[in-house]
Each structure stands twice: as structure tokens, then as C-alpha cells.
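Next up: a single chain in C-alpha cells, the form predicted alone.
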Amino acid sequence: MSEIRTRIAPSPSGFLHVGTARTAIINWLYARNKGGKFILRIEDTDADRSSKEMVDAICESLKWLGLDWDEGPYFQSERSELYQEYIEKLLTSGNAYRCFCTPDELKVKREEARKNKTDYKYDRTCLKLSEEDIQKKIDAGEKYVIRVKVPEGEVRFDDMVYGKMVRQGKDIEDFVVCRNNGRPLYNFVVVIDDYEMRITDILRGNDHQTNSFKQILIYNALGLPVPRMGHLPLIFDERKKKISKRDKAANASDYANEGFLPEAVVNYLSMLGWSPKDDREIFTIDELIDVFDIKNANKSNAVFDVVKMKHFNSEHIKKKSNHEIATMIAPMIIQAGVYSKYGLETRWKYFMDVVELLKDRAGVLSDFIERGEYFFQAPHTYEEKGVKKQFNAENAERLEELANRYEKLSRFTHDPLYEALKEMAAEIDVKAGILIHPTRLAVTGMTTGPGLFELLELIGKEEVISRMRTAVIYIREKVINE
């Protein structure tokens, strides 16, 4: 077998769409599994909608995902002369012809077909022109498009996902491959690019299946070998609608800023339309490469679920060492103003202990900040629902008494902390939870989090007691009096 060569060919008219990212991942995994090459091509022939900024953003997103490419990026905008050479080959071979029909003339014919309730198909008016007529029209400056002459018979290919695909040539009109301004269209340039770049396997969304028949006709018309093709299920949102570029979930680059790990995003997106055919979901990148088989691609469309992707992300976070996570979230903590760079560097061991305590509860990296800010500074506010339920005159007395008992402890560690609270609860004849909940709110400002006694031990005696007494003052001055 010749070397496997796959590609991804995004359009730089926007950021890297999650659908394009998923397609890139599948092509990359396929190439890496087969020991082949992964090529990056930028489809930037639409100058009005393309920009260098978007090219850079797409490349950065692919790099962040870890999808290294072996060749490229190639730019379609730099290959115009090559396309024109192949257009001439099509015309010379007689497999394509010039069509001088104007848009208005074609519109009239479409309207007539609609009135007659028949499907419109170009009637090959210009295929009947003689060479002399064609030359006269060219000399007169009449504009024309280039149409492929679709032969009779079947057009077929073996889809790597869907199996045998067949269309009848009579059902495909002589389609345009070059506009009247000389600019070739997508279905033509993609064929030329894939041939010239020696692409052996094309994996893309199943919305391209119709295009595949036209592209095969172009390959055949030019006498070029047809690569293997496979079409992946589309990605829908939770409303079962195709994710558009305007949707919040659409841009893969956003997930880096939201605290997702690249390996988790690759893992999750690879499962949208593919599976290893067992119950396992969480894979490292190397494991994905090892088990990847395009035969296990699904035919039904996939639903993008950010909650499930967070689950994937949380599982990958758990695989990281505390040091790795601390290194990743340190810049986020500094940028958020939660703690200083100097503070983190001088309390690195404490920082990693915080990570260890929060790691099992983090869905994304930003959770370490949103759910762990109290490890670095006393809470400025308290959760409203907690205040309504826990902050009252009775609990102010209890917090004050528990703070006094904690102050007398010689060892401020889990077991003594727990025993002191349990003993007090027994003395006042309440369950331990009656003391645990207001204590957590007083120390962290939150109603949920890791084990109370573990976090009290980590924050430390002096700071814990100070926060408890601050909460008592807050209750008496802000809650009770108001």
C-alpha cells in the first residue's frame, strides 16, 4: 500500500469550527495510526471573506489541539495558474464545455420548470454550439462558465463509512466548475489540490456526499485516480440542529480560554461520530492513535454536549499530576488577581495541596479559581442561599463557640478538628451537619466544596479562626440587624 496521506482544508472565513476540528482530529488519527502524513490546506479562494488573522487563529487552534501537520499550510489563492491548466485539459478533452447562457436566461428556465412542477436540469443548450459559434461569442466578449459534461451511466464509490454509494449520471446536471470571471469553483479546485498533494484518503462530513459524486466525475474526466472517501456524521446541538458558526459552541479555540485540556477536547470530539466499539470513553492521545479504526465510525449524526465534554475534561484533569495542574492554572490565578506570582512561588507546596483537594471536583481549569479562591484570600461575600439558611443569631453563637474551641487545639489537623466539632454537637444536642454547614460558609463563603476538615487543616488555624469570627460579626451586624 502506498503511503497514507490525509488532509484538513479549513476556510479562513472564521475560527476553527468544532465540526472542522472533529474532522481534522479524525484525519489526523487515521494518518497517525497508519504511519502516514497529515496535510494542512487553507481554502482561501474567497478573498472577500478570508483573512490572515483567521488563518493564524486556525493554525493556533490546531497546534493547541496537538494536531501537528506534516506539510503545509498550502494556500489555494497561490495556485490559480495550476487550476487554469486543468480547466484547459477538461476543455481540450471534450469533457467540459463553455456555457454562454446568462443568469436571466437560466432563471426563466427554472421558473418554467417550477410552473410545470418538474425538476430543473440544465438542458445543454451550449453543448450544441459549433466551434465557429463559440469563437464568435468569445470574440464578441460574451461571458461564459465552464460546465462538466456528465456522462451517462452510474457514478459509484465505496464510502469508508456508509458502504456502496451510487447515483445515476442522468440525475446530475452538467455542473459549473468555473465562473464567468475565470475563478474555478470548490468542487474543481478540491480535486486538483487533492491530486497534486497526493491525498489518498478523504474523510469529511456527510454533507459532502453529494459533492463526492461530482468530484469523482471530475477525476474521471481528467483521467486521475480517485482517492478513498469516507463521510462522517454531522455534529448537531442539543436541539438536533446543525451547529452553525454563530453558535456559542462553534469555535474550538474558545475551549482553551474556558479551561479545557486539549487532550480532553480531542478525546471528546473524536467520539462524536466514532467509537472503539466497547464501553470505554476516556483515552490518552497515544491510546486513541493505537485503537483508531475508521471502520468503527458511526453513521448516525452526533450531538455536541458541553456537559459531557466537561466530564471528559474532569477525567483528564485527574490524570494530571498536581504540579502539572498548578503550572497550568498559576497564570490564570495571577491574571484574576486572586494571588500574586511571588505568593504562589513561595507557597508552591501549599498550592499543590490545594490542587490535590480540588482536583476531583474540577470540570475545567477555571474551576480551580472559581471554587478555590478562598484558599488564597478570605471570602469577600457569602453565597446568598447559604446566608438565608445558615447565617442566623443561633449559628452566630455556635460559630463563636466553635472558634474558641478550635483556638485551644494544639494540633490543627483533620482528626482533632472533627472531634472538637463532634463533641460540641453532642453537647448542644444537634447533628454534626448543623455545625459543619455554617462553618463551611464562614470559612469559604460557599455552601459546597471538598471535605470541611481537610480544607480547614490546609488553610490553617489562625486564618480559619479569623474567618469564623469575621462571619460572626457579619451575621450580627449585617444579617440580624437588617
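In this text, residue numbers run from 1 along the sequence as written. All of these numbers come straight from a predicted model, not from anything done at the bench. By rigid core we mean the largest C-alpha set that fits within 1.5 Å across both forms.
Omitted from view is the form predicted in complex with the RNA, to which the following refers.
Student: Of the residues His323, Arg405, Lys349, Lys242, which one places a heavy atom within 4.5 Å of the RNA in the model of the complex?
Tutor: Contact residue from the list: Lys242.
Student: Which pick from Glu88, Glu71, Glu384, Asp305 sits with a heavy atom within 4.5 Å of the RNA in the model of the complex?
Tutor: The residue in contact is Asp305.
Student: In the model of the complex, do Gln84, Asn95 and Glu154 all put a heavy atom within 4.5 Å of the RNA?
Tutor: The answer is no; none of Gln84, Asn95 and Glu154 reaches the RNA.
Student: Since the chain is shown here on its own, which stretch among 193-201, 127-135, 325-333, 114-122 would lie within 4.5 Å of the RNA in the model of the complex, judged by heavy atoms?
Tutor: Of the options given, it is 114-122.
Student: Heavy atoms within 4.5 Å of the RNA in the model of the complex: does Asp56 have any?
Tutor: Outside the cut-off, so no.
Student: Under a 4.5 Å heavy atom criterion, is Arg440 part of the interface with the RNA in the model of the complex?
Tutor: Looking in the model of the complex, residue contacts with the RNA include Arg440, since a heavy atom lies within 4.5 Å.
Student: Could you confirm whether Lys63 comes within 4.5 Å of the RNA in the model of the complex, counting heavy atoms only?
Tutor: Lys63 lies outside the contact set for the RNA.
Student: In the model of the complex, is there a heavy atom of the RNA that lies within 4.5 Å of any heavy atom of Thr413, even though the partner is absent here?
Tutor: Contact with the RNA, no.
Student: Considering only 195-218, what residues come within 4.5 Å of the RNA in the model of the complex, judged by heavy atoms?
Tutor: Residues within 4.5 Å: Asn206, Asp207, His208, Gln209, Thr210, Asn211.
Student: Could you check, with the core superposed, whether the Cα atom of Val303 shifts 2 Å or more between the shown form and the other one?
Tutor: Where the cores coincide, Val303 shows only a C-alpha shift between the shown form and the other one that is less than 2 Å.
Student: Superposing on the rigid core, is the CA of Gln390 displaced by 2 Å or more between the shown form and the other one?
Tutor: Yes: Gln390 shifts by at least 2 Å between the shown form and the other one.
Student: Could you check, with the core superposed, whether the Cα atom of Leu106 shifts 2 Å or more between the shown form and the other one?
Tutor: Yes, shifts by 2 Å or more.
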